[in-house]
Structures are given as structure tokens and as C-alpha cells.
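Next comes just one chain, in C-alpha cells: the form predicted on its own.
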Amino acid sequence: MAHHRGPLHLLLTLVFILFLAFLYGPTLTIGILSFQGPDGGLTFPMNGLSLHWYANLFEKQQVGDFGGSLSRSLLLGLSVMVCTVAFSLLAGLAYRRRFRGDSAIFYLTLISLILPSILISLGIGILFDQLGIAPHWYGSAFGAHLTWTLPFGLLIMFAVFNRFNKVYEAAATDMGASRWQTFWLVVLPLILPSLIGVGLLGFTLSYDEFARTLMTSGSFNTLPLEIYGMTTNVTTPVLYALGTFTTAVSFLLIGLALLSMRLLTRRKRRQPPIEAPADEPVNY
């Protein structure tokens, strides 16, 4: 029997479509305008169709340093990603057991999520200035970004280990595995999809971070700072090409992460079940 959808469902569908248009419409508009011809401007109607402004990105600009800022943001994001994954994993393992001062460390970690980002950036900048150390994107900005990514990674790993079934570890121990073998062969494969998610989150948060980089990057801009500076000087669609290119890079990373998780899931399904040794009885 066919189910007739009422007017409320149609109204909610229309609201959802309008929400999607509001959310992705500006990005889609910028993407379309980035394909303007060489004589095109920043608004419609389009004057030709070409990849001129994308090619212009990799040429020497009169204003801005796209290539340098992109490479700095990529290196910074990858460094933050590696440290976020490593520290979040180690902290998640450590918090599986109670230890002295665990609550204080946990709440101190979460404070950085509550404080305004610009205050953290200002505080780190002042600290480096008082110590006589020049701020750099690979030093002070790196630390500022970790104050943003580590709490999220820590919360994710807490959720992962709270739902982790310790029976797998006990079974590996009963079969003679050492602690390192249990972690490497049992625990790590099970939590690897979550670690990929933590790494992706850490990279994207660092790659797009503006406020915590503003006063800690020193004399060399990262990509968000470069884009902000270009908005006040660049009056050609090269700015739209830059925004579209960076958005495509973000979607590419998300796609690679999802593909990695899918491949890991298929690999687990294809692995044969672990059998007990022949000389040992199996208790049911």
C-alpha cells in the first residue's frame, strides 16, 4: 500500500533543500566563477570559460605567496596530524587505568577548547616574546594548533577505549602473546579506523586554523592567513581559484580517509578466524 506523504513532509523537504543551498551555494558559486576567462571578473556574468586562473595560481603573484603558504600549511597540518594521533593514542592507553592527577590533566586539556582561540594565540605569542624566541609557523604555531587538535583526539580515543572489549586482549594473552604482540596484532588493528579519523580531524583543524595562527606564525603566513590577506588586495578570480583548489584538497583527503577505512574493513572480513593450537584442548 502506497504511503502518501503529507504537506508537512513536503515543507520539511523544502526547508532541507534551502538549507543545503545556503550551506553549499556560496562554495558552488565560487567554484563556477573560478573558471572565468582571462578577462573575467569577480561577478556574473562569466566572460569565457578557461583554466587561466588556476594556472595563474602557480605563477609568481604580484600580491601573496600561494605556493609558499600552501606548502607551509601542508607541512604544519601533517606534523600536527602525526603528533595528534601519537599523543591521543598514548593518552587513551594511559587513561585505561586510573593514576594520580588524571582528572586534573584531563580538565586542563579541555580548557583550551573553552578559551577563545585568539586569546590562546595572543598568550603564546607573548610567551615567545618574553622568552626572546621569534615566533615561527613550525614552532609557536605548531604548539598553538596542538592546543586545538589534541583535546578532540583525546575525547575520541576515550570513547573508543570505553567501548573496547577487553576479551580480545585476554584471548591473545591466553594464547601466549606478549603485551607488545597483543597491542600490535590485536588492539591496533581494531582501533586503526578511529586513528585514521583522529588523523584526518587533526589535519583539517590545523590546515584551516586562522585565529590560533594569527599571532604565532611569525613573518611567514600559512594558507588561511594568506587567503585573508589576499581578500583585501586581489581583485581577480585567482582568489576564487585558490578557494576552490583548497576545498578540493580537503575533499580529497576526506575521500582518501574513507577509502582507507573501507579497505581496512574488507581486509578484516577476508581474514580467516584464529584457531587454537592443535595440541591444546578447546573449552566451550
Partner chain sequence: MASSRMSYLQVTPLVMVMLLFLVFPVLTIVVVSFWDFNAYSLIPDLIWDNYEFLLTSSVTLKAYLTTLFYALTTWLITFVLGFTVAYYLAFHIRSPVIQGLMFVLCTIPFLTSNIIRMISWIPLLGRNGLVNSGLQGMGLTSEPVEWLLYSDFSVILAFVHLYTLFMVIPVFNSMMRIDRNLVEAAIDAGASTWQTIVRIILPLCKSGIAIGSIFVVTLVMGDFITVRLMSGGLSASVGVLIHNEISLLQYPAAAAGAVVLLLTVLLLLTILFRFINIRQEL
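Positions refer to the first chain, counted from 1. Here, rigid core means the biggest group of C-alpha atoms that superpose within 1.5 Å across both forms. Keep in mind that this is a model prediction, so the values were computed, not measured.
Not pictured, yet referred to below: the form predicted in complex with the partner chain.
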>> Between Ala134, Leu127, Val82, Leu75, only one gets a heavy atom within 4.5 angstroms of the partner chain in the predicted complex; which residue is that?
In response: Leu127
> Does any heavy atom of Tyr240 come within 4.5 Å of a heavy atom of the partner chain in the predicted complex?
Replying inline: yes
> Counting only non-hydrogen atoms and a 4.5 angstroms cut-off, does Thr246 reach the partner chain in the predicted complex?
Replying inline: yes
> Is there a heavy atom of Leu154 lying 4.5 Å or less from a heavy atom of the partner chain in the predicted complex?
Replying inline: yes
>> My question is simply whether Leu263 lines the interface with the partner chain in the predicted complex - judged by any non-hydrogen atom within 4.5 Å.
In response: no
>> Is it true that Leu70, Leu192 and Ser194, all three, sit within 4.5 Å of the partner chain in the predicted complex, judged by heavy atoms?
In response: no
> If you look in the predicted complex, which residues in 150-165 sit within 4.5 Å of the partner chain (heavy atoms)?
Replying inline: Leu150, Pro151, Phe152, Leu154, Leu155, Phe158, Ala159, Asn162, Arg163
> Just checking, between this form and the one not shown and with the core aligned, does Ser260 shift 2 Å or more at the CA?
Replying inline: no
